[in-house]
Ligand SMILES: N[C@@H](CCC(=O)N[C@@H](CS)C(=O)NCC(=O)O)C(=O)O
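Taking the form predicted on its own, here's one chain by itself in structure tokens.
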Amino acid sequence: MTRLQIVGRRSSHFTRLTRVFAEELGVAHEIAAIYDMTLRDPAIYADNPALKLPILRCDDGVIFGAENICRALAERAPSSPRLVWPEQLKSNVSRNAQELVWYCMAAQVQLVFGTVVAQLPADNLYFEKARTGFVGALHWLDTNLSLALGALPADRQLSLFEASLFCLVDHLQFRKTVPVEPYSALLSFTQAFAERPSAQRTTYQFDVPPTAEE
């Protein structure tokens, strides 16, 4: 393999995070779509035993998980961009902000897969608690966003926090799970980030399986 392959879904915020990094870093890649997340064959997930996406296929094997893939892409970048990783966050607010973004991304998957795909009752305590935590985390992020962004180095090209936050909030507008309209700071940030070419080249869409004729 001479070209990196991201195995995932164009409708997934975790997959989009890796695509944004690839675009920002100028790393050539292609997308291999997973069309049906209800299937339980590890081969469909590039042999990820956890049956999760995204996965990066490369010459030396496969890499599981969005953050791991972003780091692998950075190692393959043709230049040395100024990136900010979670372990470089120095303030409590910025560390908490990244943790809550990860929580919200996972909670949205939990809610969508549980109540939409599996069609389980949305009023089950398992989903109600996830939704309550989701809303609370979004409120905290909206309230503390200015402080979290202000703690980042001014000379950065990109931080994992900013890219993951954008993918999360934009996904809430693409696949409505909890209302995002009350969070003006998050919406303003997302609108500004959406002007980046990397965001415009990775817009959310549902992957359509090829027809038998194709």
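Predicted, not measured: the structure shown is a model, and the values here were computed from it. Just count from 1 along the sequence shown to find any residue number.
Absent from the display: the form predicted together with this ligand. The rest refers to it.
Undergrad: Of these, 174 to 182, 142 to 150, 157 to 165, 53 to 61, which stretch puts a heavy atom within 4.5 angstroms of this ligand in the predicted complex?
TA: Heavy atoms within 4.5 Å of this ligand in the predicted complex occur in 53 to 61.
Undergrad: Since exactly one of 113, 103, 85, 126 fits, which has a heavy atom within 4.5 Å of this ligand in the predicted complex?
TA: Contact residue from the list: 113.
Undergrad: In the predicted complex, which of the listed residues (74, 109, 138, 89) lies with a heavy atom within 4.5 Å of this ligand?
TA: So the residue touching this ligand in the predicted complex, by this definition, is 109.
Undergrad: Is residue 31 close enough to this ligand in the predicted complex to count, meaning some heavy atom within 4.5 Å?
TA: Although this ligand is absent here, residue 31 would stay clear of it in the predicted complex, with no heavy atoms inside 4.5 Å.
Undergrad: May I ask you to state whether residue 12 is within 4.5 Å of this ligand in the predicted complex, using heavy atom distances?
TA: Flag for residue 12 set to yes.
Undergrad: Under a 4.5 Å heavy atom criterion, is residue 66 part of the interface with this ligand in the predicted complex?
TA: Looking in the predicted complex, residue contacts with this ligand include residue 66, since a heavy atom lies within 4.5 Å.
Undergrad: Contact with this ligand in the predicted complex for residue 46, defined as at least one heavy atom pair within 4.5 Å: yes or no?
TA: Taking the distances in the predicted complex, the answer for residue 46 is no, it never comes within 4.5 Å of this ligand.
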